[in-house]
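Quick heads-up: it's one chain on its own, the form predicted on its own, in structure tokens.
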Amino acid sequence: MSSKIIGRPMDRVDGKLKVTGKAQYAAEYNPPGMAYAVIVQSTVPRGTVLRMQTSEAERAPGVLAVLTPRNTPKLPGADKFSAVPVLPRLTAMQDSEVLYNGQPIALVVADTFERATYAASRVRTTYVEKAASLKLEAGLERSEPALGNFGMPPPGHTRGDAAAALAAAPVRVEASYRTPTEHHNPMEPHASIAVWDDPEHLTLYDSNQGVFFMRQFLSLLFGLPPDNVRVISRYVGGGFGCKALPWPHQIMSIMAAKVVGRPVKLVLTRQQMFSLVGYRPQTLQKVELGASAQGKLTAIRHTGYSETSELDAFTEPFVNVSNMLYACPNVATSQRVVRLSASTPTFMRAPGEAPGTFAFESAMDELAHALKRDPLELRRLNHADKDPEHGKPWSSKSLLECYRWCAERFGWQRRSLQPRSMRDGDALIGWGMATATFPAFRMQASALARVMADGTAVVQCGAADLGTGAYTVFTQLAAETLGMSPEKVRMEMGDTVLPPGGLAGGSSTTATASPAIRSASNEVRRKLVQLAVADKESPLHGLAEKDIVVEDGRLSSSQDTARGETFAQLLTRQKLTHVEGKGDAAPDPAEQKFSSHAFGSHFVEVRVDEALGTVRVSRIVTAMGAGRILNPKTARSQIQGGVIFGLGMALTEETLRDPRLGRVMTADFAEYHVPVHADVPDIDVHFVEEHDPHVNPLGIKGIGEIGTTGIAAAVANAVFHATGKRVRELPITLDKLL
């Protein structure tokens, strides 16, 4: 059994803990003497705090402190922190400047949450208001070149002469597309509990996507050695990118705990999550495609704008997908950012690729219509056999097989070419498709594995499980490598006392941590074998190491499996409490010889009620070429979740700000509409078997985000096929179809 654990559709090892309430999330820790903090937010989009009346709040029952820009402690490492380009500039009450509506301007700490909430309502603020920039279109003339995030190069690429090729193209399409501001809305709100164990040692219980990443920046900001900061985030109720970077609430809980001399809990409300922890910025995109009369792409030009804050230059790199998705000799892509009086945007599931594939894959559908060609055949015709942007071979690519499987499963050959030509009673039927893609990343990680004297194992890696199944696939990997049953292996994650794990971002967690976990587990296995063959009392004494079989927690002879002993028997006789192995993993420079991406395709059916303008997605078939799949059950769940995320982008999700005051008007689930069960049909997911020897030692590609790429375009393309109306602005609401 233990030799066939990887690749099995195993249930989640943390499932029972979660459904019984035994899995502790950040807000559920209750250290002794804990106090509660509530944030007071600005009510103007731009200005300066002139004065704050806090006396009534300070006199309220149970209040321990009211922090404002006037009395908030200065952060000792603020200057160093601001110099790190990947971090948002935190508006943590270090001055009186107001840069957006909803910015934290005070923090009330009390002995109960209810008392803190009441006291916060008694703070009165007077502002000197300033002119605010609230509309993307109004700021296009003062836009700035987009910068790269996380040290990445700025988005944009040039090869050949796109302008000349467009001018000469026999067939050309040109269109502008718009995607709105969107918010992540994980089920678990952001929460932090700060505990100063002594003046120089900090513990933070926090909901985040990388405890070591968070520790690095907290130590920098508060001027502490990294080893003096412990961050614990064992279970996370979803992140989607908004829990990757530090935000003001974490900093404020830590400062407040220092001021009151007690642990302080700060949990954001659902409404506050619309202004304090990032969002996907709105984009304006223009795509121009030139093609031969037969449909071969001759030119691509993809340009546009996205919003950012006055503090930062975060970029939604939507043009990157156009650089590499199809073979084309002439490409020019570039983008700019517009600074608005808004909070800082951040990574949101498939940042860049999600809005980028909506525009680009919609434009490809428009090109197919102009050519009177099947959209699938157009994509096959322009398939890139190598990375056209960098000229490198793909580490692996199964896109054509994804197309083939989806087309057969969906029945694509029955699709009529003409829009408005398929009906079922009063419903217009539309069939659309699009390509999905996402880069394959991995980072550095370490792991530790121990086999204990009782025959169980503990495996540790300080990576994060956002609810995606990392606990489960790492348990499977360790169990198979150690030669044990998964039930005997306990995985520990999400704590900086463990070996360092990477940030759960860029769909990289499994590819990052798995090689380290396998290395640590292999070392333990090797040590157990060496102990057995060297032990004169072992039935395996004197055998060659290569002749030992390790399976189901037992060592045996490959020639005679009855000859052997269990791990527990060996360690007990050796008087050892455990045998330990350590593993480290990092990207190999040789991997850079290849371009590594996951690829896939979505085929979608929609039913449109022409009288009402309503769109129902009735069928989705998706295929993915995503490297080695460690657990088909959790992997399928990830793709389905990504697709549902894309359905929200396509049909329901839109963050609206008051055009006069800049305040988010859709700051709850009554107004910000995420897909519910009734909106989601059966999602038929297939994984193309893919062996990739180049992407990393285990052939793993990320799957957390690729499901979101392309799905909005597939829906929009299906709506066009159903109605003949091309919707270029998301979400596709009934007013755009009537």
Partner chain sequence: MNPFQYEQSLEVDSSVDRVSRAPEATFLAGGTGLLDLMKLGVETPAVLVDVRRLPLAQIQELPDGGVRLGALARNSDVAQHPLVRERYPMLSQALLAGASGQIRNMATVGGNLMQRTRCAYFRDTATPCNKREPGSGCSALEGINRGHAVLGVSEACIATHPSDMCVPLAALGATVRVKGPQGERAIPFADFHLLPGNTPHRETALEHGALVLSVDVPALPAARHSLYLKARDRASYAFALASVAAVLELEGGRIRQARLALGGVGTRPWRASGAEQKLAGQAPSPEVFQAAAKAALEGASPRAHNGFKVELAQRLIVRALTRLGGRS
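Since this is a predicted model, take the numbers as computed values, not measurements. Numbering follows the first chain given and starts at 1.
Only in words, not in the display: the form predicted in complex with its partner chain, which the text now covers.
Each of T117, R122 and M665 is positioned with at least one heavy atom within 4.5 Å of its partner chain in the predicted bound form. Exactly one listed residue, out of P659, G151, G391, G542, brings a non-hydrogen atom to within 4.5 Å of its partner chain in the predicted bound form: P659.
Distance criterion of 4.5 Å from any heavy atom to its partner chain in the predicted bound form singles out R616 from the list H578, K296, R616, R526.
When its partner chain is considered in the predicted bound form, T43 lines it closely, a heavy atom lying within 4.5 Å. Taking the partner from elsewhere, E610 is found to have a heavy atom lying within 4.5 Å of its partner chain in the predicted bound form. Although the partner is absent from this view, V674 contacts its partner chain in the predicted bound form, with a non-hydrogen atom inside 4.5 angstroms. Although the partner is absent here, D426 is a contact residue: one of its heavy atoms lies within 4.5 angstroms of its partner chain in the predicted bound form. Contact with its partner chain in the predicted bound form, defined as any heavy atom within 4.5 Å, is confined among 686 to 694, 46 to 54, 709 to 717, 666 to 674 to 666 to 674. Residues of 8 to 31 are not found to place any heavy atom within 4.5 Å of its partner chain in the predicted bound form.
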